[in-house]
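Only one chain is given next, in structure tokens, and it is the form predicted on its own.
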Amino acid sequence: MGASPDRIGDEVPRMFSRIAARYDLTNRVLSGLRDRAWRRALVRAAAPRPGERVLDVGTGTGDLLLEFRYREPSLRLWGLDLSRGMLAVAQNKLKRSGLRGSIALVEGDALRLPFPSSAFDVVAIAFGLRNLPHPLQGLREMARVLRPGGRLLVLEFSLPRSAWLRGLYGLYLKHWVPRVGGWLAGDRPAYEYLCRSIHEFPAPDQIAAWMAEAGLRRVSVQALTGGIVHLYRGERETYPSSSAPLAASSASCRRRRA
């Protein structure tokens, strides 16, 4: 489940291009300034080492790339996105930070990554998996470009398990997000789509199962901010995924809360 194939073909990239100029501001307001803390949690979990090659899929305006660079300046970084508008904002941001030319930005499709197999030590996707028409296919592609033993990190919105928090969050998504997001970004339908995509996306256990099916092992799941966001981490199998016992991979899933 995810965005329908016809939406991802043209409409979703165009939608993100429309809101690109105000995207960062809207994120800060709607998350209560928590969005950067979530990205920092991803980078800590990735534990990047000097000189490693890192790919940020669905990089948007490049915030996650900058967090990786702040953590370890010697990393070799690539960011990929299907939205030209988002990439333009990211390019300007890197230029202002004095990093233009040191981080590669690529226009491309997460379902057909334009990179060879085993090209990266770390692959990450933040708040982009639910926008893919075929999330499992996207995870398989991300696993493909990881070297054996490389790490895949996924940061994604979710619905809290707690009934009362889930209810409050549902009201927030229904009433606050479209109104405020629409006012700040000038595009209410984009933030109505955001709310629908969160409601329709599978539960964390399903995401973890997809990661195991994609050939990742030692999959862990960490709930952040009461479970409105989850952080997933897995490592690429060191043997062909076709010979890996899926039951064993699934059994290795660990859940943590923060």
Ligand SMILES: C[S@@+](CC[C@H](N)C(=O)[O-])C[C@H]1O[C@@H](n2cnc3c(N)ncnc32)[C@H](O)[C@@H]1O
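Worth saying up front: this structure is predicted, and the values here are computed from it rather than measured. Start at 1 with the first residue shown and count on from there.
This protein has a second form, the form predicted together with this ligand, left out of what is shown; the following refers to that one.
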Leu136, Gly215 and Gly234 - do all three of these have some heavy atom no more than 4.5 Å from this ligand in the model of the complex? no
Contacting member of Val145, Ile103, Ala110, Val122, with respect to this ligand in the model of the complex [4.5 Å, heavy atom]: Ala110
Hey, of 66-74, 221-229, 203-211, 53-61, which bit sits against this ligand in the model of the complex at 4.5 Å between non-hydrogen atoms? 53-61
My question is simply whether Pro178 lines the interface with this ligand in the model of the complex - judged by any non-hydrogen atom within 4.5 Å. no
Could you confirm whether Thr26 comes within 4.5 Å of this ligand in the model of the complex, counting heavy atoms only? no
Exercise: Phe127 in contact with this ligand in the model of the complex, heavy atom 4.5 Å: yes
So in the model of the complex, is this ligand close enough to Met86 to count as touching (4.5 Å, heavy atoms)? yes
Within 4.5 Å of this ligand in the model of the complex, counting any non-hydrogen atom, which residues from 77-95 show up? Leu80, Asp81, Leu82, Ser83, Met86
